[in-house]
Each structure stands twice: as C-alpha cells, then as structure tokens.
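Heads up, the chain shows up twice below as structure tokens, two forms, tagged structure 1 and structure 2.
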Structure 1
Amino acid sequence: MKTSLVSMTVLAAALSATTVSAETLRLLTWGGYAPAEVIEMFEAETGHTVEVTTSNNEEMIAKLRATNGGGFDLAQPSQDRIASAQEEFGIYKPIDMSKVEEAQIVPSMLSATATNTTFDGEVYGLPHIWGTSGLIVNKAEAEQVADYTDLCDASVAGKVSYRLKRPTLIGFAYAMGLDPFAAYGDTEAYQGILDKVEEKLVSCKANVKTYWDGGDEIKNLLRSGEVVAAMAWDTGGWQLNADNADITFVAPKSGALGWIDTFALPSRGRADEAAYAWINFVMRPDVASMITNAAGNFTAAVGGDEGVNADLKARYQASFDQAAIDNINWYPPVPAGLETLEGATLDRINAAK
C-alpha cells in the first residue's frame, strides 16, 4: 500500500509538471504550412496543442498591429516583411538562437534570413518555406535559354513571355551584371540600374508573345507551344514537367530570385516554449518532407527533400543543385519609394513602341 501511494504521488507530480509545461501554440501561417498530420505528431510528442489561423503577409501584419503584437505566439511572414514592420509597429520580439537547433537549417538560407530580418542588431526571423522565380523552358525548343536576358535572343523571337512586374526588372538587372539589391539604399544608383534595364526590355519587346498576368495563363501558353521560354515560378515549371518532360523550371545562371517565409515571434506571444518546440520539430527532415508533400514548396531544412514524393523531388533536384541554391538572390526588405520608381519604369516599358 505504501509503495502504491508513493507511485501515485510520483505520477501526480509528473502529470502536474506536464500540465504546467504544456502550452497552446497560436500559429498564424499560410495555407498548407501546418498539415493536420504534422500537428497530430507534434501534439503527441510534446504535449503542446496547436491552433492554426491561415493568413497572408498583409493580413498577418494587420492582425498583429491591431493587437500590438498579441493574439498569436508564432507567425510566418515573408522575410522582406519583418524588419520594416518591426521598425514601424514593434510587433515582433527577437529570436533567441540558443533555443534554435541551427544545424537543421540550410546555412545559406539561415544567413540570408538573418541579414534581411535584423533590426537594431537583433534577428527577428528564421527561414522555413521558400520558393523562387526564374525560367520555365521548353528544352526541346529553347535549350539555349539559360538566363533572363536569353529571352531576348533572336532564336526565340515571338515565343517568350514574362510579367511587367518588379521581379522582371530585378532578374534582368542581375543577368546584365548589375546588383539591384545592393543599390536599394541609394535611390540615384537604383534609378540608374532601372534605366539600363528599361532600355533592354524596350529593345526586347519584339520577342514577347505577351506579358502574362496569371499563373494559369502562362502555363497554358507553355503547354500550347505558343511560348517556349518564360520568366515564372518554380512550382509552375514543375507542374508543367509532370505533363511534358521537355518543359521544366531552370535556375538562371545569374541566380533565381528567392522568397522565404519565416518564423517570427509576435511581441506579446505567451507560448514561447511551444513556439520554439514547433520550429525545431517542423525543421526535422522527416517532418519537413511531410510539409513539402502537402504544400508543394520546399523547406530550409537540411535533408528536408529526402522523404518528398519521388517525382517532385526529382524535378526539384534537376532544377537546383547546391550551387544553384547558394546562387539564389533572396529578396531583401524594400525601402520606401523604390516601388514608385519601379512602377514608373514599368509604365514606360509598357508604353514604348
């Protein structure tokens, strides 16, 4: 009886400790980033529970602004939407790197995100899901297209397409040997880059079948053969490759343009332990693969592609070897006023004969 009472006391203490340490993680994220099976595994392994609210960049900032950084314990804004929001609204708190299993994260992505989410000497973001824009090429028709400026080559005249949007300006700048992101802090230097790109894109207009607006539009143009090379997103290229082995995404020689959705801690979050536990859990290779299979995008987890659907993994690896990953030009925060300059440049390109 005495042994039984002791055992019950120990059990009660253990249950009490579990109850105290277990937290509810209020996660503000994108659709597909927290699959039900991943949540179930996390809850079973940690004792924490997860409540998911799906959102986008603009809504995330709006929700956190409305509560002065409260209401959520972990958010997933894109890396270029953190430092400026922190400077203006103070809605995040710094990452405690001592609680992060850094070895699980691809070093180049960890470094890029740290650089782009630093404010007042503190890092506010960690990389999670990433993707790129680059080239989608029908290799049977346009194998020679390996960089953005190759879309202006006479061999593909009338059969190329890209958007009249800022990624096109930036991609062409890099392919022309310029560094637009390095000029972000110098309006005059950035305008000089835009002027050179404008001249190139105006001279290239005769090559363009159409300036595409939506993902379905460009995929249909590539399927039909009306377009044989385009600037577009990686996932679109891989979707097309599933139906036509000749069409695939190509990481440009001058570097694909990369976005990263992050982990960021709202300033008034109250479940930091659960937040760091979730970060370390989903960056495990086995869990990262589950998320990629659900979302279609890859993660910044080391070895995170190992358990990915074989077909998607093969397409990804064909587009991105390690050198291509390390060559990605990651979007930094956009300084005030730059998008106005870009808009004026795009309007002139559109109006040019």
Structure 2
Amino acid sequence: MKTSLVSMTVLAAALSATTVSAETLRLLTWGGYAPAEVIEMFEAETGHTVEVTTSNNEEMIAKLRATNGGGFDLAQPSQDRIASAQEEFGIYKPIDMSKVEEAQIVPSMLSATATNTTFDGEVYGLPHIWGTSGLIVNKAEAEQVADYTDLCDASVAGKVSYRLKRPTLIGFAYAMGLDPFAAYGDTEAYQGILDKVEEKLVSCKANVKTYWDGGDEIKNLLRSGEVVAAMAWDTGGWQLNADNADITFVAPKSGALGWIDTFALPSRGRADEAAYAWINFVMRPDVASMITNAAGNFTAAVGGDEGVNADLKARYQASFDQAAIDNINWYPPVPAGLETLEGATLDRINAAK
C-alpha cells in the first residue's frame, strides 16, 4: 500500500514535470529495442521526443568514453559491461531508484542486475531485455551439432561460422568442460583457460567458412545454406526459423550464454526526467510485449510476455525447456583488464595459419 502510494506520487510528479518541460531523449541502444510505434506512443503521451542511435556494447562504451559520458541521456549496455567501464572511465551516474517504478520489473532480475552493476556502493543498471547466445543449426544438414565444440567437427568442415569475439572464447571454454566465469577473478587461472581455448580455436580455424561480423551477415549465410551451423544470438535463429523450419536456435549442451541488457544513465546526460519516463514507459507490460515482438527477445517487465505473439513463444519454448533455462550461464560482471587478455588471445587465433 505504502509503495504504491509512493509510486503514485512519483508518477504524478513525473507527469507534472513532463508537462512543464518537454525534453529530447538521446537514446543509445541496440537495433530493435526502440520500435517506431513505441516511440510514437511515448512522444504522444509524454511530450518528450526521442532520438535513437543504435550500437553495440563496445561502441557504446567507446562513444561514451570519447565524450566523458556526454552526448546521450540513456544507454543500454549489457549488465556485465557496466561496472568495469564505470571503474575505468566513470561514464555513468547512479540510478535514482525513487524515480523507477520497481513494481513493473521482475524482482529476481532487478536484484541480480543491481548486484552486477554496483560500483562503490551505487547501482548503475536496471534490467531491460535478456537473451542468450548459443547455436543456430540447420537441422536438415547438421543435426549432430549440439555444443560449441561440435562446430569443429569434420562433418561440417567449411560450413560453420562464429565471431572472433569474447563470447566465442567463453562458449568454447564451457563446452570444453571449463568454467571461465568462476575464473574471472583469478587472472592466472583465466589465462590458463584462454590458452586451452586458443589451442582449440586455432585447430578449428580450418573448419570455419568465415568469421562473421554483423547479424545480417550470419543470417544470410545460414539462409543461403552456405553455413549450416553457427554460434549466434537466439533471436537470429528464431527469425530464420520463421522462413525455414529446418533452421532454429539450439541451446548448447554446456549451456547458452545469458545476457541482460540494461538501462544506464550516462554521467553527463541532460534529460534524466525523460530517461526515467522512458524506462517506466517501456517496462509497462503492453509496451514490453510490443518490444519483444519487434526485437525477438523477452524483457524483464512483469507480465511482459502476455502480449507476445504465439509463434515467438512457441519457438522460444522449442529452444528452451526448463532444463535448458536452468543451464544458462549468465555473464557475471567483467573485471577491468580482462579484455586485454582476451584481446591477445583473439589476436593470436587471428594470426594463426
């Protein structure tokens, strides 16, 4: 009763504030996270305007680093990339929980994200959208691919693809029976894991058709049949499944890699009111469903899956039974400096003949 009263007053305050000053919200996000119809609804309801810049984790950090946290009012990095970026570059400001309608957010995700994005006792991230990366497999051609390391099997030689990026290192480590996330804090142990993965990926190099870079590139490769198995995001697999029933997303035996994209406030953002209004708006169940239908991934909004279309739900359920969900390896926060080790490993894989 008391919390709802508080949230009511917050809402009233927020509404009155927006009527006083309409702001421009400069949103730094992923493709699909801010569909045009959602923006239209938001603009009509609040009077704010939204400018969207689509990006990815690394570019978000690089952009905000370049401006010392300016240029954008709201960013959506993955939860594991916030704490270290904050430690290194100080590009975010803490979330003011009093301005957030917590009741709209699934409590377990909210608390997990809060734990992972805490730096110096302050919370810097709120969960928005979650998803996994795993395998997209053409069942008609490569039924046998069930884990990351199966991509190195001779039966699919020249017909597989993955990115030369850190998720690949971690996925392969799990498939090789290692636990990289447990070793995050121990540089030496982590280096040992990286060395083993490096050896595997170097020997696997001949099997790879090409290292993909963009989501459209890997989807084209799979759709044309030039690639029959790849490491990629779940949504890509579900999109392809809509066109070709043989192709779908498979949660690997060693576990899909789970990520949560968040809301984080750039330290020099100028439109905090609009940013909080956007957060509260998109976490409404109806809006959350719209976003899921557009982006393909589920949100951390309470009841956000209710309005999601049945096809997407069916594909999700076909890829993830309860055991597969329990098996997801959620990314813990990346300690500062880890990327340097991984970078050196990736360089060596790249250079190997």
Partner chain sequence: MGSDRSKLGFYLLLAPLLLWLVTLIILPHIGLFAVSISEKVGVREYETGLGNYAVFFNEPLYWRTFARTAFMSISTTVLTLLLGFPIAYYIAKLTRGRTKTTLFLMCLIPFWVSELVRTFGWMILLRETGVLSNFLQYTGVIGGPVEFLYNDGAIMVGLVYTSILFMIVPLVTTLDSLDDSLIEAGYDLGGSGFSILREIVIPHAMPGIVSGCIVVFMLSLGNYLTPILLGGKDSLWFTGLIYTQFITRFNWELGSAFGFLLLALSSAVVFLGLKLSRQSLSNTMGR
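All residue numbers here refer to structure 1's sequence, counted from 1. The structure presented is a predicted model; accordingly, all values stated were derived computationally and were not measured.
Structure 2, rather than structure 1, originates from the form predicted together with its partner chain. When the chain shifts between the two structures, residue 139 and residue 120 travel apart, each with a separate rigid block. Relative to the larger rigid part, the smaller one turns by 35 degrees between the two structures, according to C-alpha superpositions.
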